[in-house]
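Given next, in structure tokens, is a single chain: the form predicted on its own.
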Amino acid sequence: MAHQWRGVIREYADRLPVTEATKVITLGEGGTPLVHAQKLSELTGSTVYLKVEGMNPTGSFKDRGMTMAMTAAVEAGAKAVVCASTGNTSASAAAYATAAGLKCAVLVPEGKISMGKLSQAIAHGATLLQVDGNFDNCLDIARKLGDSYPVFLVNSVNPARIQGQKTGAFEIVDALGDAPDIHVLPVGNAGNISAYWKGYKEYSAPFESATAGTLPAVSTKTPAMWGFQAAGAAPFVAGHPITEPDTIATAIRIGNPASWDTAIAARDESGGFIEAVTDEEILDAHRWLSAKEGVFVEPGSAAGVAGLIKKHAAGEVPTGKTIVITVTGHGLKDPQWALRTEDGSEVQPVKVPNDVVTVASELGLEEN
């Protein structure tokens, strides 16, 4: 009988802070596809895979961390949770709070959240407040609420979130048989680069499990972590917080990342880097993935692909290596970008009469 995926907590329970008695809040997250990117592989001369996190229950990687955060909230006896969000966290928090029977409050920056994500949070019954400020202002308020009021903070500053997100690295090693040589991903609030590095380190050394004793190393190496920020929201590149971050990639429009120190550690310990790509490069990569790889992502998710293409053009991507790129959210999160041509105009369907010969002609077909 085929194995029924049970969600990341039960699949990796020996490597997470849970027990058999833990009440797990799950929507079946994780187990996402590792897709061979044929065209990127041909371009770079390395074997490139896409870890397609848009296949999680609410359409983004946030679900990996949210199952742990919501499980921790229930264990702590919380009745309500709060988060700040540029979109994906709000969608995930609202869904998992519903599954847990908890109230959910979401703080989003005014006018800077996609309708796809906003609709998810509303559909799941979250109380949504648009703050007159940016994401960093929202997170500051959320942290203060968590400190002073009876609500449980589920942003990635909560260590339970990082525990859940590290399972993405486990899945990649399990699928490939070892860690890749390079792992590429977008960087916004920087929880994901921190979590993947944590996962890779834990899989490459003996692990002291609270429930299973000493677990042996699974992988023989760790990858270099290559992170890419949007140029208008690139505090790691600048070396200081950005007070007014600006990019079309709303998922990574963050000027003062909460996971700053752990992201720097992931960069430095892995021998990697964090660099920037422009909005134009992000949208080019967004179109590349849809048109050449068959993978539809939101713009922020394409930042890692944009970075790999940019580094290849500069002659800085080695050949013969194994490279994994995490694409973090589904294209339906922010679909309007797919309806624009490269010059920015709206895509318009070709209108044809109700006639098979004309339709065939438009399609370049000839009669048998």
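This is a predicted model, so every value here is computed, not measured. Heads up: residue numbers just count along the shown sequence, starting at 1.
The following text describes the form predicted in complex with a small molecule, which does not appear among the structures shown.
Engineer: Looking at Thr222, Asn158, Gln163, Thr86, which is the one with a non-hydrogen atom within 4.5 Å of the small molecule in the predicted bound form?
Structural biologist: Contact residue from the list: Thr86.
Engineer: Given that the small molecule is left out here, which of Ala121, Val81, Ile254, Ala169 has a heavy atom within 4.5 Å of it in the predicted bound form?
Structural biologist: Spelling it out, the residue with a heavy atom inside the cut-off is Ile254.
Engineer: Based on heavy atom distances of at most 4.5 Å to the small molecule in the predicted bound form, which listed stretch, 296-304, 22-30, 36-44, 337-345, is the contact stretch?
Structural biologist: In short, 296-304.
Engineer: Give a yes or no for Gly329: in the predicted bound form, does one of its heavy atoms lie within 4.5 Å of a heavy atom belonging to the small molecule?
Structural biologist: Result yes; Gly329 sits at the interface with the small molecule in the predicted bound form.
Engineer: Does any heavy atom of Val154 come within 4.5 Å of a heavy atom of the small molecule in the predicted bound form?
Structural biologist: No, Val154 is distant from the partner.
Engineer: When the contact criterion is heavy atoms within 4.5 Å, does Ser114 count as touching the small molecule in the predicted bound form?
Structural biologist: Outside the cut-off, so no.
Engineer: Would Ser270 count as a contact of the small molecule in the predicted bound form, using a 4.5 angstroms cut-off between non-hydrogen atoms?
Structural biologist: Result no; Ser270 lies far from the small molecule in the predicted bound form.
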